[in-house]
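Taking the form predicted alone, here's one chain by itself in structure tokens.
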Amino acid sequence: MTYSFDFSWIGEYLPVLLKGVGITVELILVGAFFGVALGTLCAWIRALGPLWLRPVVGAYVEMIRNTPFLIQLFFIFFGLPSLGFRMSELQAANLAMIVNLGAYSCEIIRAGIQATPRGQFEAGASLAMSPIQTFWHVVLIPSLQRIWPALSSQIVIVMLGSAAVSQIAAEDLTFAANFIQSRNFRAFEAYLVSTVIYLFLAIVLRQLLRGAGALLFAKRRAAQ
């Protein structure tokens, strides 16, 4: 028995696909920006911050890195309302991605910070830089340059993991594929199309991150 492919439904369900792609892109942008910002803050605390805060951040990082993303998502969407914190599907999905990427990026960025020679801290102090200026110019930027490929890969991995948010009815690309195949019963074609779109998004995201890294570190390379 031969299988007859049918993609004629794409025109009919194109708005559903485009909406799903839009939600997925939003999850990527929000999750990457705020997740890396959270990770940077946590990395500073774990490497250079107050001693009393380090165990707290360490516990957060270990908890997130050693539990499934889907469970974290369910806890935020189904568990927090029991404590009075109610949010929409999209808000819960965004928060879950930020919290998840924050933990993973924390350890990646912390590795870069701890690789900074101690003499560079002293050099910053000798130039009358404030602690914030020293951290930004002497520690953080060189650290990001060292770990940028690893951080970029982690962002792409978290983006691909965003497919799990369809489990709480967040209308991302996977939700769109599930919806389409439940209506036209063309599961193979629906998931093939979504797979190709995810592949395209991952390639584009990786290239954008590579370009962002080139722009961010261009001045530093020129100065070296």
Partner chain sequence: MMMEFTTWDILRNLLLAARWTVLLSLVSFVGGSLVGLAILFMRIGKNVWLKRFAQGYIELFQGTPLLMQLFLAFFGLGLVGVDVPAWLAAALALTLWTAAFLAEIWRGCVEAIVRGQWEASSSLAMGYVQQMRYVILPQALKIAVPPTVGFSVQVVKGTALTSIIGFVELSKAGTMVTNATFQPFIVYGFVALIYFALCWPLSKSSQILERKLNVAHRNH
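All values reported here derive from a predicted model rather than from experimental measurement. Positions refer to the first chain, counted from 1.
One more form of this protein should be noted, the form predicted in complex with the partner chain, which is absent from this view; the next part is about it.
Site annotation in the predicted complex: the residue of Leu216, Ala202, Ile10, Leu208 reaching within 4.5 Å of the partner chain with a heavy atom is Ala202. In the predicted complex, the partner chain stays beyond 4.5 Å of every heavy atom belonging to Ile45. In the predicted complex, at least one heavy atom of Gly79 sits within 4.5 Å of the partner chain. At least one heavy atom of Tyr104 is located within 4.5 Å of the partner chain in the predicted complex. Put simply, Leu29 is far from the partner chain in the predicted complex: not one heavy atom of it is within 4.5 Å. Using a 4.5 angstroms heavy atom cutoff to the partner chain in the predicted complex, all of Asn66, Ala187 and Thr195 count as contacting. Annotation for 70-88: interface residues with the partner chain in the predicted complex are Leu70, Ile71, Phe74, Phe75, Phe78, Gly79, Leu80, Ser82, Leu83 [heavy atom within 4.5 Å].
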